[in-house]
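What follows is one chain in structure tokens, specifically the form predicted alone.
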Amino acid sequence: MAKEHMSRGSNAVVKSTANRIIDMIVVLVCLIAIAVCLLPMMNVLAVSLSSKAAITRNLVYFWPVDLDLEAYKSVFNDSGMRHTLWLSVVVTVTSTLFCMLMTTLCAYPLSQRRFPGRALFNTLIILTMYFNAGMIPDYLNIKRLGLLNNFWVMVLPAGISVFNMIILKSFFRNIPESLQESAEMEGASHWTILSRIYLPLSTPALATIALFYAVGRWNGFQDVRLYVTDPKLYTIQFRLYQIIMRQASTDANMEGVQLLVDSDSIRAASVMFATIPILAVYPWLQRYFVSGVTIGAVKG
């Protein structure tokens, strides 16, 4: 018995040591991943706040050298940048609200086990995740709908994400059916059940999906690039794309000319100008993020 007890104790010590080693490896991998994601952003921020001389001499890495705010002054004094920022906020809010409405109205009926044809509709919707008509048919469709150079071209075509709908549908299916049955016995309609039961109980999933939609719309510029030629409808990300693409040719044309602000600093300041607003939104929704994804992914 004593030998058996000692053997169990030694096995427990070995397992404990192995668990510590695994934990250390996991922590190390997480730290490396954090560094890979964070250091490039720190470099951009440092460049945006550094002087032209420090940038030219390649002295800037992850901390500003010779603090200089001229790049930010140039960006903030640009009325075009301010307009695109405001337009991007309006587009992001409008698109997120519209997408949430469409996603909810699609997820709720598909979560109902008594909905006739539910399996067929699920299959048809999921097929759209893997197959699409292509860029040219999309452009022709947008043109025939009269959405070229239109505010709504940045909202309507991306009205629903099948992936986000599946997350919300799975979350709805995890809500006890007894709550819906009780409400139906009291004479509640589907609209009442959705608004009074499902939506209040689905706050984590709704916040997570809203974050997905908002970040996707804020960072998107491909639709603006394809369907918009009016500068008044340019979003901040497309304006940033233009700045980065044109800066190389500008640098070549201005070679030998003394500039007050380095072009790299302008680019970096523009990147921060376009990134900080959406980063400021994340902390408000972060507490819902993990539970929204994990709970919604329990069932398909």
Partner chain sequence: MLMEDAARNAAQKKRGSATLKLMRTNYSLYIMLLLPLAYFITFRYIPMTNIVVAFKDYSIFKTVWESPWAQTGGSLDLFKYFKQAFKSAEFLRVLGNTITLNFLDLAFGFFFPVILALLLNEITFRKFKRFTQTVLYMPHFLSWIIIYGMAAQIFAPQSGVINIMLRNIGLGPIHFLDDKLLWIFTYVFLGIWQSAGYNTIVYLAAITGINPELYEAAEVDGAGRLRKIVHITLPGIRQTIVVMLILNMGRILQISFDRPYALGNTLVRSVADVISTYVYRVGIVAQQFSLTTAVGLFQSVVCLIFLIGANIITEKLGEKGIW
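Quick caveat: nothing in here was measured; it's all calculated off a predicted structure. Residue numbers count along the first chain shown, from 1. Just so we're on the same page, rigid core means the largest C-alpha set that superposes within 1.5 Å between forms.
The same protein has a further form, the form predicted in complex with its partner chain, not shown here; the description that follows concerns it.
For residue 219, a non-hydrogen atom is located within 4.5 Å of its partner chain in the predicted complex, even though that partner is not displayed. Contact annotation for residue 116: at least one heavy atom lies within 4.5 Å of its partner chain in the predicted complex. Interface residue remark: residue 121 is counted as part of the site for its partner chain in the predicted complex, having a heavy atom within 4.5 Å. In the predicted complex, at least one heavy atom of residue 133 sits within 4.5 Å of its partner chain. Every member of the trio 40, 191 and 244 reaches its partner chain in the predicted complex with some non-hydrogen atom inside 4.5 Å. Exactly one of the stretches 89-97, 75-83, 124-132, 198-206 approaches its partner chain in the predicted complex with heavy atoms within 4.5 Å, and it is 124-132. Looking at 130-164, the residues that come within 4.5 Å of its partner chain in the predicted complex, counting any heavy atom, are 130, 131, 132, 133, 135, 136, 137, 138, 139, 140, 141, 142, 143, 144, 145, 147, 156, 157, 158, 159, 160, 162.
Core-superposed comparison between this form and the one not shown: the CA of residue 269 stays below a 2 Å shift. Residue 59: CA moves 2 Å or more between this form and the one not shown after rigid-core fitting. Core-aligned CA deviation for residue 27 between this form and the one not shown: 2 Å or greater.
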